[in-house]
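Below are two forms of the same protein chain, given as structure tokens: structure 1, then structure 2.
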Structure 1
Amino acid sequence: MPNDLDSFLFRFVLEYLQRKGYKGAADALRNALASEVPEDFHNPPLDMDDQVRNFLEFFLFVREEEKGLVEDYGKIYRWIDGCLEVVRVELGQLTYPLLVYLYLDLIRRERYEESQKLLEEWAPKFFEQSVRDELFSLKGVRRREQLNDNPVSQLYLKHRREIFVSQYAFELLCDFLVEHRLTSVFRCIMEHFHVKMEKDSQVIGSEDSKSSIGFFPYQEFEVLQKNEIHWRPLKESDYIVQEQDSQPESHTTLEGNTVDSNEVHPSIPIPKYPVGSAMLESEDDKLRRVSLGIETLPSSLMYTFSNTYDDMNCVDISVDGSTIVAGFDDSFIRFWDGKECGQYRLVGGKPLIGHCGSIYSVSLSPCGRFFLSSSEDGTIRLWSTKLERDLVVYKGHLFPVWSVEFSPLSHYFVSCGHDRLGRLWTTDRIFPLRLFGGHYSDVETIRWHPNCCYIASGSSDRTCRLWDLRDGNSVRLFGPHSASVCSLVFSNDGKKLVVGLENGQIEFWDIVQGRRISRLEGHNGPIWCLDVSKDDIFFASGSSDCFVHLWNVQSLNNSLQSTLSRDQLLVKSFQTKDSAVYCTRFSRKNLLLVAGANL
């Protein structure tokens, strides 16, 4: 019996060498084993281990000229569709990436008509989902030489796709492939996928696997999960000058954060302000802050801009609600000071000229006297509302800058843009201090953590990342989402991140553990703005579907449901008269301020 196995293997190796054209090696092997090689070997011995037997039987029938790859894919697709529910959910992760890899393989082997046929027949099945853009991009790859230029094909070819399946499901799949002799599909799976087998088939939640279509760097995700996040608020002594500060105090330190205490030391140098400074929350703010609850909803005020002719791109409202700044497509910025113009109707709005491209984002400083604007021309400008002119230009991004935000303690600001980087700047340096690189596509939005130690950035590669400011490394990866990220906000306790997506969904992430808390079908259009009330009870979302929704998130701490229905969380819904909502902000006294444009 050992003889049978050995001779079978030798013959198998001989056949392989011959097929590959290694004549010399084949002859050498043949000579060495002249006596022991049997004539026919088509059936491997019956006593071999079943799995090995299947594997070898498979490769015996591999032929270089495989025909009917399109039908093969069709067979697999229909089989997976017809499987048991549990297995279907697990193997469903496979169908879309398999299509992409088969297509790319066909292009690589220059079988162009087949590749087009494959895409024409099977791509429409995935058009409804988030991968539509990827498919359109792949349609443009027609020739082998174009494989290197197309970003989607590069992403897929460079990284192995991770699949999480249970052993049972995977064995089912292998048996099916062997039974129907789908050798090319099998080879594709072995080459391009990284199959991670779980013993327990309940590990894979059904919600997660549905959305894990499209590229996502799972390996990096796992590595980053191990990082520790210091989410607690800052010690007040670190950013407020105490009255009894007669003795020399230590400089704002760069020491590591202490885990035991309730507050953390900042990991980056931050400015200190005397009590009563305009940068900080005043006592009045804290005293007069409306305490919200289900019975006491926040009062809300909406500013609607008319006659913007679809030119308005961004709006920001100051934290005390008095100043509004808006950026336009014709590179003008207009701002209105509520204290001067009156409460309910802001007229005028002096146009500020400085940029040479459309303005994509504006951000007011906490004191309300300065603001930053970022534009398509790749620059960021600091403006003063008192002088009504720009003061400094920050050049660094050479491509459109999609978002800019002042830090809650002023002095620092971050920006992100088309060049896939986030940058940390201070107002007194015209070059960036930190570069946050890691996203696979442009970074759409960027936000500060309340304790100024971390930054979250959301990108059109459908992930969000959390960055440590001290060394500029990514410490968390949130994803995969079902659409690109449009807006972000941190909860005021620093533990949660709320993400608004382009397809109207809202996702809640726990930063500390790095896992998704839940998902919510929020709106019918992209969610342009999110903000959380100061006591973390409500949060408001505004979207292009002309609604502002107010949600109650107090119960989120306890519930671990994967998808929440709207009725559970929706408290109030404000419908605007045909105005897309660009900015929602809770003022320091918990007043909800909204700004939108009525075309």
Structure 2
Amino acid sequence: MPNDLDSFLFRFVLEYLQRKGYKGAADALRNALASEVPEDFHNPPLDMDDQVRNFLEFFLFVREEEKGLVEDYGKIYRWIDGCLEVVRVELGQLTYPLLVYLYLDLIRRERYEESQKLLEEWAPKFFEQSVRDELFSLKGVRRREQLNDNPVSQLYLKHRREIFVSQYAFELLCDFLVEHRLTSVFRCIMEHFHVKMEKDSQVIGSEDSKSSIGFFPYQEFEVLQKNEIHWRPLKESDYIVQEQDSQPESHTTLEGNTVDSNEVHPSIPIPKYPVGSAMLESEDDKLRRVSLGIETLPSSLMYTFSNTYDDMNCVDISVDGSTIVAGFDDSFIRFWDGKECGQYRLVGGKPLIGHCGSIYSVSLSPCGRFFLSSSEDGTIRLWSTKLERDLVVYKGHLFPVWSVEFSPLSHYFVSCGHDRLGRLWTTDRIFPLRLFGGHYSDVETIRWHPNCCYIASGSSDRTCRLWDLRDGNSVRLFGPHSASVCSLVFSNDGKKLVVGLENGQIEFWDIVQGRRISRLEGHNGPIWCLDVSKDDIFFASGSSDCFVHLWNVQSLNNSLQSTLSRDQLLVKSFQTKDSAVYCTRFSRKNLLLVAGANL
């Protein structure tokens, strides 16, 4: 025997079927429930509260044509914008993804004129936020056949958007949808959103990390948080061979190479060098290294390139400051050697030619005898500073390669590009050893972890990922950021990741716990370079706003606050003479080296 609620629902459904003329369905329902419902069920007079009737009818009400999607979206947007601030912050997560899903649904139903009207009228509301690139990409989707070819549309259609709201805010939303009969909006929310209820205090406390209006895979974020991170730096015995040492016991790993069996944690095969190798810090470097502090700031040196005519794209400085390499838009590479008398001279007197496209990244090896370059032509080249020519061409990327970097111990290097992939290479093989796939947009920058077991990649999808080189899997997801990622750097102790964003913000992340430590307003332009001093006291950031900022990392370590203001961390600012900053580098002796081009 059904309870009162079941009987009520039976009556309501039967009345709906009769009103719509579905006689066969109504008869089938009567026959199926004949033994379970009272006799008066077959002719149900319904007497219910008007609010309950309206709410239930809303779930069953379907407009046959739904021609007012633009007006419906306008209603929900203006209502959310006019709510109290506490509710507006929570439901504000809904406005942008709802616009995207409604637009894609209109395209899927081949209602092209209405879809363009929706985007043209409401997309400008979000141009000042971090989704401008997504909106420009969506504008290219004008026919149903284009949905499968557009990466942004596929990203949204294949994933349900998670939003975190309090029960009070969600009830207000439901009441508004019911009152105004916004069935198209409700159907879109049910189909494409995953609403998670949280206590009011939890929503407010997590607002900063969950308020990004763009796409972010929260489920994957929670899964990756469970992975263990071996963050500790390498010991000297891991990469230095003492002459008196006996041959260490080893075992095979990663492509058949060998690695010491007495390591604290598994690692990729790491090359070993004898004491005194140019790859390693010398005793003179350690003795002459300046001990930094608030009272003893690092000395700084700025290299300015003049008359580049906005043609220079990248520059790198060797760890001892003796060599500078720059890549240009005309596909040429130039490098300067300053080992003789401290005066830098253009080696060879002419540029190095090899690529057939713009040079986007260069990276000097720790010894300074080799460097890598990546280009618009999709290739990476290894060059010799002594021979003044290229030695190897690495082909694997199908599109422009945005960034390349040597590992701290050379031999390995990593690259990333427009194909949304990262790649691990060795200098003695022309094919990649690992592919790192997981980003939803261009991978803009890539950086080595100090222990050579991990790399970090930053993307224009407003996320960073930490990759384990041993198996090629993603082990951490950092984000959502407020803008595209332009630069990355690890602290030398391996525990923290500093992220520079396109909107000038800087974020600090704890890679062990996978949480953001702090976020601050760093610059007034994209942050193109970051580096940390050898003792982890300071880090330097350079930007297109022609400033170099020096920040105190120790204040961050000693503070119990979750967020610190800009003034609490900023130690000193250096303004260049109208030169955008392309590279910041702390030398082995803690000298701050900076390079940029005069605008």
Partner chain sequence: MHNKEPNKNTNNEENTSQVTDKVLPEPEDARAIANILKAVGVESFDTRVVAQLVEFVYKYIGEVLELSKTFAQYAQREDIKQEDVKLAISSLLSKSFTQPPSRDVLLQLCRERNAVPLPAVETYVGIQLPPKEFQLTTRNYQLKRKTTTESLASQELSETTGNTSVGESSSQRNQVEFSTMDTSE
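What you see is a predicted model, and the numbers here were worked out from it, not measured in a lab. Numbers follow structure 1, counted from its first residue as 1. If you superpose the two forms and keep the largest set of C-alpha atoms that fall within 1.5 Å, you have the rigid core.
Practice problem: Give me a 1 or a 2 for the form predicted in complex with its partner chain. | Solution: Answer is structure 1, the other one does not fit.
Quiz item: After the core is overlaid between the two structures, has the C-alpha of N148 moved by 2 angstroms or more?
Solution: Yes, its C-alpha moves 2 Å or more.
Practice problem: Determine, after fitting the two forms on their core, whether S115 shows a C-alpha shift of 2 Å or more between the two structures. | Solution: For S115, whose C-alpha is compared between the two structures after core superposition, the shift is 2 Å or more.
Quiz prompt | Rigid core fit then S137 CA moved by 2 Å or more between the two structures | solution = Passes the 2 Å threshold, so yes.
Quiz item: With both forms put on the same core, how far apart in Å are the CA positions of E85 between the two structures?
Solution: The shift comes out to 4.4 Å.
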